[in-house]
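First, one chain by itself: the form predicted alone, in structure tokens.
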Amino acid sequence: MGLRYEPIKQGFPMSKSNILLHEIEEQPSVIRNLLDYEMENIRSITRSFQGKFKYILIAARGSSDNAARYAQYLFGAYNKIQVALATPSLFTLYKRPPSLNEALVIGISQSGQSPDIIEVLKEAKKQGRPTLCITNEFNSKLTKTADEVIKLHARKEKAIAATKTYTASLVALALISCCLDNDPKRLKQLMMVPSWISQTINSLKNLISLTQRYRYMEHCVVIGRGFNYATAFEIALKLKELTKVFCEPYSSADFLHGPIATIGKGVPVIIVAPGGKVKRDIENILIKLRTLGAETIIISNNTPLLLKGRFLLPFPKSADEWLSPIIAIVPGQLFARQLAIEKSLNPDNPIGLTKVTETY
């Protein structure tokens, strides 16, 4: 027999303990704390690393790996720094680590415990490279390995699915980018993120119950491009974790190179569609999806794009494209949680998953 759920006053249905919803709603305060407590630390770290590297290598798994995808666009677009994603198995299973010459090596891990991420940083230090970790656990094995530490200040994350540690990781990366560039204008924009997330949560309270339309959904596609390529991967991960839906993420460009052939009438397609450089590309793919009869779920801060969808999940228009992944993931988190409830699953404690996953 499935779990029973009751609606709560603010408009969001709750599970027995309601942990995940609480952590989603905590995100504005977590980000404010991170900006308050880590600003000077990150300024100091970026000064100490200036001139010591030519590219960044990031080691991460799961949601942290999706944060690394955001870093690829962020540091490339604003800091002219190439970002590569590490292949930890080369360091652990194969014992054949590549040369890390001229790299700044960053480990991102909410728990700071995953042995393969730690091993990448150990090898980097062995090769004389500067290392940095971003984590929520200050006294973890990862923090003891890295030269420098950025703490997420997210307090303990109790729900299995990462939410507040994911957005905090994005903010930490955005703060690094601003400090590397010494860009006060972008820093001022970044300070608005907590307010935009609060607005997003409040605006969705009366919309998210419409997710019941998708209670029998068994598979779907999530599309994003540019900065929100990371968002597509993170939404897909949340849907897999919480709802058991088989969900595939794609960039809109890759999707046209074959996978679009899987789309037929009524197939759900979630599209992360902010304004900015990707707008025209998203408009074109929406035309193709409409022709194929797809069921489009639009996450956007652009009204014309929103109106092209069947199910609309808006976020504030003020958010520039480079910051949109931090806000656009929140509708995805709420959609995945609500869909789990509609499917009589417990979003706080998905079957088969543990909070800390140690991979080698």
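Note that residue numbering follows the sequence shown and begins at 1. What you are looking at is a predicted structure, and each value in this text was computed from that prediction instead of being measured.
The protein also exists as the form predicted together with a further copy of the same chain; that form is not presented, and the subsequent description refers to it.
Heavy atoms within 4.5 Å of a further copy of the same chain in the model of the complex are found in one stretch of 129-137, 168-176, 191-199, 93-101, which is 93-101. Interface membership of V245, defined by any non-hydrogen atom within 4.5 Å of a further copy of the same chain in the model of the complex, is confirmed. At the 4.5 Å threshold, heavy atoms of G62 reach a further copy of the same chain in the model of the complex. Remark: E241 counts among the residues lining a further copy of the same chain in the model of the complex, judged by a heavy atom distance of 4.5 Å or less. Although the partner is absent here, K54 is a contact residue: one of its heavy atoms lies within 4.5 angstroms of a further copy of the same chain in the model of the complex. Contact check for H22, A146 and K151: none of the three has a heavy atom within 4.5 Å of a further copy of the same chain in the model of the complex. Site annotation in the model of the complex: the residue of H219, K265, K185, K156 reaching within 4.5 Å of a further copy of the same chain with a heavy atom is H219. Contact annotation for 226-256: residues with any non-hydrogen atom within 4.5 angstroms of a further copy of the same chain in the model of the complex are G226, F227, L237, K240, E241, K244, V245, F246, C247, E248, P249, Y250, S251, A253, D254, L256, listed in sequence order.
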